[in-house]
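Below you will find one chain, with nothing else, as structure tokens; this is the form predicted alone, and questions on how it binds or moves follow later.
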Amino acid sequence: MAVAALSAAEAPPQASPRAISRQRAIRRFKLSLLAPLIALFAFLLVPVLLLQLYFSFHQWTVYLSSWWDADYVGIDLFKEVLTDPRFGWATLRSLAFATSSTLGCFVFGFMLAYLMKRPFRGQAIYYIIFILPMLTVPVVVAYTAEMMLYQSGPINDVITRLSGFEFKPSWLSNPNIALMTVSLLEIWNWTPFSFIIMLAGLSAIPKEPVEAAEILGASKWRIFWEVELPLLRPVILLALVLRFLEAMAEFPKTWALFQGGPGSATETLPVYIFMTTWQYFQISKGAAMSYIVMLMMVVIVLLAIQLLRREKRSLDKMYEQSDEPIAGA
């Protein structure tokens, strides 16, 4: 009898009908949000991916007969892409462009967010000004830049007048600086994205660690470096990864301004895939190239997820250590 009573006391309490109903409602709500995405993936994206996979293993161009009569070539197209020097250079250009533009967007976005983290009068006006570049269509950004970046255009003229030295670089025709030109436009266009993410991260920092550091007499620089920055690491990593992935897929500005030129100076992966598929009409090679790039992006995303999980664990550990003295008291 005593053992039975003890077992009954240790048994977990049964959930009430109201709690069960609430859990079912939450599950239905989650499914209602995910169902359209699952349907879109199943009925639109999956057939496209399968057709692209078919083209990757079958040699077909628009000059041949029906696509279902294409010859099976196995992994020959993937070997051709991986041994193509032009594809290798396009990959290096994309990585250089994505890295430089991502770091530029983050630096300027973080600086603006740090300046805007404390409320002040007229703050909403600055929000609008800082976010406007992101609301501009990329093609409009490219054509506006084309008018302003001529060698004798207004940008060079303003810099010449302000500096007192003749400043007339060929932004649009010099292959040595063409990719940098697109990177600068990308930074201007997408700095607001990093600004919004970092502003949200700064707003979510708990006040207690900062106030404790101020009471102990820490300087603003030490508070930023030893308190705020470690708490922001997951947000920083997320902003960098999202911006990097977006930059790797940048196409409108590069194509509208340069079409891969001058020479091949701005021939990034999206540009080279577009030219291979729709200018050279090598449909199968373009499909194989797209799959290789997709696998590269999947690897980057998986690595980013692992880094985010590690940062979250270290942040949770930091919070636990900060709570230990309070618990002991």
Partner chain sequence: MSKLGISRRTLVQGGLGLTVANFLPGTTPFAQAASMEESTIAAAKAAGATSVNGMIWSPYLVPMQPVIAEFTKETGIGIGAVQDISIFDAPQRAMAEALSRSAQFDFIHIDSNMIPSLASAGYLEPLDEYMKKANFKIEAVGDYGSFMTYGGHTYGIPTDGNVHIQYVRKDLIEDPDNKKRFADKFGKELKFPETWEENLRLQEFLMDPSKDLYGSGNLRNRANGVTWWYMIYYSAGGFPFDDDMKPTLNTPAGQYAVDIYLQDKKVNHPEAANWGTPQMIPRIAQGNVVSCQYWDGTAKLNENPAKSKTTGKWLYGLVPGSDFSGKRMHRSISSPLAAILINKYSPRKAQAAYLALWLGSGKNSIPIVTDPVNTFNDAWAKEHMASDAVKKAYSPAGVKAIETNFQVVAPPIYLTGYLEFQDALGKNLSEAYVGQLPAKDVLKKTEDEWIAIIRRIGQSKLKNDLASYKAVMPKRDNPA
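Everything numeric here is computed off the predicted structure, so don't read it as measured data. Residue numbers count along the first chain shown, from 1.
Keep in mind that the form predicted together with the partner chain is missing from the display, and what follows is about it.
Checked against the partner chain in the predicted bound form, the candidates Thr160, Gln259, Thr91, Thr144 yield a single residue with a heavy atom inside 4.5 Å, and that residue is Gln259. Residue in contact with the partner chain in the predicted bound form (any heavy atom within 4.5 Å), chosen from Leu149, Leu240, Met248, Leu112: Leu149. The stretch that touches the partner chain in the predicted bound form, counting heavy atoms within 4.5 Å, is 167 to 175, out of 190 to 198, 167 to 175, 98 to 106, 115 to 123. The partner chain in the predicted bound form comes within 4.5 Å of no heavy atom belonging to Val46.
Looking at Phe57, you'd find every heavy atom of it more than 4.5 angstroms from the partner chain in the predicted bound form. The closest heavy atom approach of Ser264 to the partner chain in the predicted bound form falls within 4.5 Å. Although the partner is absent from this view, Ser290 stays clear of the partner chain in the predicted bound form, with no non-hydrogen atom inside 4.5 angstroms.
Residues of 274 to 304 that come within 4.5 Å of the partner chain in the predicted bound form, judged by any heavy atom, are Phe274, Met275, Trp278, Gln279, Tyr280, Phe281, Gln282, Ile283 in sequence order.
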